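Next comes just one chain, in C-alpha cells: the form predicted alone.
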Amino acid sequence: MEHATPPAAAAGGITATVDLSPAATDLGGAHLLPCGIRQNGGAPVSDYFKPRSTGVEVEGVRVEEAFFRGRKLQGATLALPDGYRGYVLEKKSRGKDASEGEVSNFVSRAEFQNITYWNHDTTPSAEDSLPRCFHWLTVANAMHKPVTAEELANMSAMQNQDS
C-alpha cells in the first residue's frame, strides 16, 4: 500500500491514504470532459460517446471530435510522461483520527496511460492548460534529483565545520 499525505496533515489538517495495489483494470485511456456528471453508477458510455479522429492537426496536436448531449466537443489525446501513471480512485471511507484530524481513504479501481481532454468551443492546442501542466512535471523531476549517501555525508560534514 502506498500512502499519500498532503502537507496540511502536518498541521493537524486532512490526511489521506491511497492504496494503489488493486489497480488491475488497465483502461488504456481516460477522458476529461468540460462538464459535471452527477452519476455514481455504471453507464453504457461506449454506446453513446463515440470519439473519432478528424484528420486535422493543429500545432502538432491531432484533433478528435465527439458529441455529448448534442454538443460538439473537440479534443486531443495526450500520453502521460514516461514514469507516470494515471489512476481512477474510489473514496472508501472517511473518519477522524485523534492525532491527525480528518482521514480519507482511497483505493485504486483502474489505471491509464493517456488522457483525452475535451473543449466545448475551441480547437485543442499546445497552449491549453492540460498540455501545459505536463511541462511542470519536467521541472519537478529536475528539482527532485535523488541524493546519494555520499552527498548527505558531505553536507553533514560541512554543517559540522560551520558549527
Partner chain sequence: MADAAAATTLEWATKEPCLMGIDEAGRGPVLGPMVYGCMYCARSYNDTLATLKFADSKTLKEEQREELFESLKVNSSIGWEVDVICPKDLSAKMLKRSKVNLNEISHNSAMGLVRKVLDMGVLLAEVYIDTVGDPEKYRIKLTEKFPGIKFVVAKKADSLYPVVSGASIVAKVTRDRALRNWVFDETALNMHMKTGSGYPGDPDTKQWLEDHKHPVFGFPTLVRFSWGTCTPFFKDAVEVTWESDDVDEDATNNGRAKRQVKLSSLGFTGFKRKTEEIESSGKGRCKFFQARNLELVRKFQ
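Numbering follows the first chain given and starts at 1. This one's a predicted model, so the numbers in the text were calculated from it and none came from an experiment.
Separately, the form predicted in complex with the partner chain exists; it is not shown, and the next lines address it.
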All of 32, 35 and 50 with a heavy atom within 4.5 Å of the partner chain in the predicted bound form:
yes
Would residue 147 sit within 4.5 Å of the partner chain in the predicted bound form, counting heavy atoms only?
no
Is residue 115 close enough to the partner chain in the predicted bound form to count, meaning some heavy atom within 4.5 Å?
yes
Please check if residue 78 has a heavy atom lying within 4.5 Å of any heavy atom of the partner chain in the predicted bound form.
no
Answer with yes or no whether residue 26 is in contact with the partner chain in the predicted bound form, where contact means some heavy atom within 4.5 Å.
no
Across 132-157, which residues bring a heavy atom to within 4.5 Å of the partner chain in the predicted bound form?
132, 133, 135, 136, 139
